[in-house]
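To begin, one chain is listed below as structure tokens, in the form predicted on its own.
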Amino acid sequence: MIRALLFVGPPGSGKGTQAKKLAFLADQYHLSSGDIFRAIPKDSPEGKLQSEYLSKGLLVPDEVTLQICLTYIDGLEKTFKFDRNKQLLLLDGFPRTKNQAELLKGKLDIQKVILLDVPQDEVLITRLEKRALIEGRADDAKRELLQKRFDVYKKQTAEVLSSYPKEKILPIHGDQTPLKVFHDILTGLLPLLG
């Protein structure tokens, strides 16, 4: 099985930022489901299906998400970009539902779940609107879609936590400075990475 860390938190909580830092500094592999899905050609069958769901602020169905992400991970290993014997897979945005988490048991060994908690939606909306301007991400530009994404997170993604024992969950206050958040993550992961 592939050993992995799971980054969980609402949109804009800093999952990608923190996972990228950890991957770079600790020589692990960052895997963002968002990056995978954004790279899918829009005119492909998967791209059209994804666009249909995302335009409504909904998640892509679990079976499609699993197939795409697991195929991608397999490709990383076959092209020697990821070595399961030496590296942890840092999962950013995947698994996103309880069903996905349950379906992945036996394929991924989740060592820790880093829970980035930012209790105020308004803080997250401000972060996402800035990201939309800087990175040109249309999915972050519309307030009504953002609110729908928060609602989906609260209903579905937060349930992912119930798939893992409490001792594997590392809660982090995500409304601190990025450096302080990273410090807290490293402190919590030291027994695993050290």
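Numbering starts at 1 and runs along the sequence shown. None of the values given here were measured: they were computed from a predicted structure.
One more form of this protein exists, namely the form predicted in complex with a small molecule; it is left out here, but the text below deals with it.
A.B. asks: Exactly one of Lys48, Lys130, Lys168, Arg38 has a non-hydrogen atom within 4.5 Å of the small molecule in the predicted complex; which residue is it?
C.D. replies: None of the other options qualify; the answer is Arg38.
A.B. asks: Exactly one of Ile68, Ile125, Val60, Leu161 has a non-hydrogen atom within 4.5 Å of the small molecule in the predicted complex; which residue is it?
C.D. replies: Contact residue from the list: Val60.
A.B. asks: At the 4.5 Å heavy atom threshold, is Leu54 in contact with the small molecule in the predicted complex?
C.D. replies: Heavy-atom contact with the small molecule at 4.5 Å: present for Leu54.
A.B. asks: Does the small molecule get within 4.5 angstroms of any non-hydrogen atom of Gln28 in the predicted complex?
C.D. replies: Judged by the heavy-atom cut-off of 4.5 Å, Gln28 is well away from the small molecule in the predicted complex.
A.B. asks: Considering non-hydrogen atoms and a 4.5 Å limit, does the small molecule approach Arg137 in the predicted complex?
C.D. replies: Yes, Arg137 sits close enough to the small molecule in the predicted complex that at least one of its heavy atoms falls within 4.5 Å.
A.B. asks: Can you work out whether Lys112 and the small molecule are in contact in the predicted complex, taking contact to mean some heavy atom pair no more than 4.5 Å apart?
C.D. replies: No.
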